[in-house]
Ligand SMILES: Cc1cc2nc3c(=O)[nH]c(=O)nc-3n(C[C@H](O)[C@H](O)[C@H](O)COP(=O)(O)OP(=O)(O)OC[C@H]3O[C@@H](n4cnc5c(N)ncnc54)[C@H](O)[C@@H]3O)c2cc1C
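For reference, the chain that follows is the form predicted alone, supplied as structure tokens.
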Amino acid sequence: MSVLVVVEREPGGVDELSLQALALARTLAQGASIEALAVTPPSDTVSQGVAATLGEHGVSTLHVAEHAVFGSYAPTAVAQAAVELAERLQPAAIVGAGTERGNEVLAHIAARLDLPLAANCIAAASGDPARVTRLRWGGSLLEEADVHGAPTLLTVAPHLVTAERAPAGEAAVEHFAPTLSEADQLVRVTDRAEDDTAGGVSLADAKVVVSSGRGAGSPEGFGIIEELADLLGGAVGCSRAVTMAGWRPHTDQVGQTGTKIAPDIYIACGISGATQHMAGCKGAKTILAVNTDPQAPILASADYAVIGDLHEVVPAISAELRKARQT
């Protein structure tokens, strides 16, 4: 038996969240082989570096599904390729990253196989049924659940499983052409609209994120947040309340229904720390909270706190940073 992991690629390599999914898959496999599935159009090639990276994370074989529809994101087509491969490999489990795409693809796989899907898992153990631990209620509690049916289907909660290496040599690469119907190819990305306001560091990838909530006071109040983020080479985030007010785009939202981040440092200014928001920043290595309320919920999770008005504290931090750079 084996465990099949649906991996997501990024330019020049493999997405970090897919590597995290591989780490959990290895614990589920208990020594069985780890197989990976990637999709690509026929005109593209999977670099040798991808196979080497996957091999370093325990993958024995990389199965590459080739079809023209994979020139863009096509979730039902990816799901069908995974189902077709699973029929041949008969894996004990199929695992995906807990990204928007990963959850969507695994949901389609579950529907096609008429099996349950456990999303946002942080631990798993094989068995009949399999036992998983997963996040519930925006990360406010952990649930232990039995997942019935074979193969076990699950996705891995972002940034809560360490992508540790487990060298197995370079993964062998096998190509196949999945049989896709017109219906399989119906849902796909046909165009992209670039956000003209976006620029700089991606929120999901930033090593430093500076966020604010309603405490900013207005859209213009984010000027000092943007200034600090720029000085630190980071990205600007915000709370759900801010996007609901129309002050910032949804792409800036940190939270369960926004972007889940894992920066080296997260500076949260004027954010109370609602459960939904904290679910999005659980992966942060260090949290600095700036808040006028010493009883704000976010302080329970913060490593450092400044009790004060962000409109005074943030400009003072920026001024000290500029001063330090001049010396």
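Whichever C-alpha set is largest while still superposing within 1.5 Å between the two forms counts as the rigid core. Note that residue numbering begins at 1 and tracks the sequence as displayed. Quantities reported herein were computed from a predicted structural model and do not represent experimental measurements.
There is another form of the same protein, the form predicted in complex with the named molecule; it is not shown, and what comes next is about it.
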| property | result |
| --- | --- |
| Listed residue that, although the named molecule is not shown, lies within 4.5 Å of it in the model of the complex (heavy atoms), from Thr40, Ser60, Gln276, Ser301 | Gln276 |
| The named molecule: the contacting residue among Arg131, Arg112, Arg188, Arg214 in the model of the complex [heavy atom, 4.5 Å] | Arg214 |
| Contact at Glu100, Ser126 and Val156 by the named molecule in the model of the complex, all three, heavy atom at most 4.5 Å | no |
| Contact flag, Val290 vs the named molecule in the model of the complex, heavy atom cut 4.5 Å | yes |
| Contact flag, Ala77 vs the named molecule in the model of the complex, heavy atom cut 4.5 Å | no |
| In the model of the complex, Gln253 touching the named molecule (heavy atom, 4.5 Å) | yes |
| Heavy atom of Ala241 within 4.5 Å of the named molecule in the model of the complex | yes |
| Proximity to the named molecule in the model of the complex (heavy atom, within 4.5 Å), stretch among 22 to 30, 264 to 272, 65 to 73, 51 to 59 | 264 to 272 |
| Residues of stretch 308 to 325 in contact with the named molecule in the model of the complex (4.5 Å, non-hydrogen atom) | Gly308, Asp309, Leu310, His311 |
| Post core alignment: His57 C-alpha displaced by 2 Å or more between the shown form and the other one | no |
| Threshold 2 Å Cα movement between the shown form and the other one for Arg9, core superposed | no |
| Core-aligned C-alpha movement of Thr152 between the shown form and the other one, 2 Å or more | no |
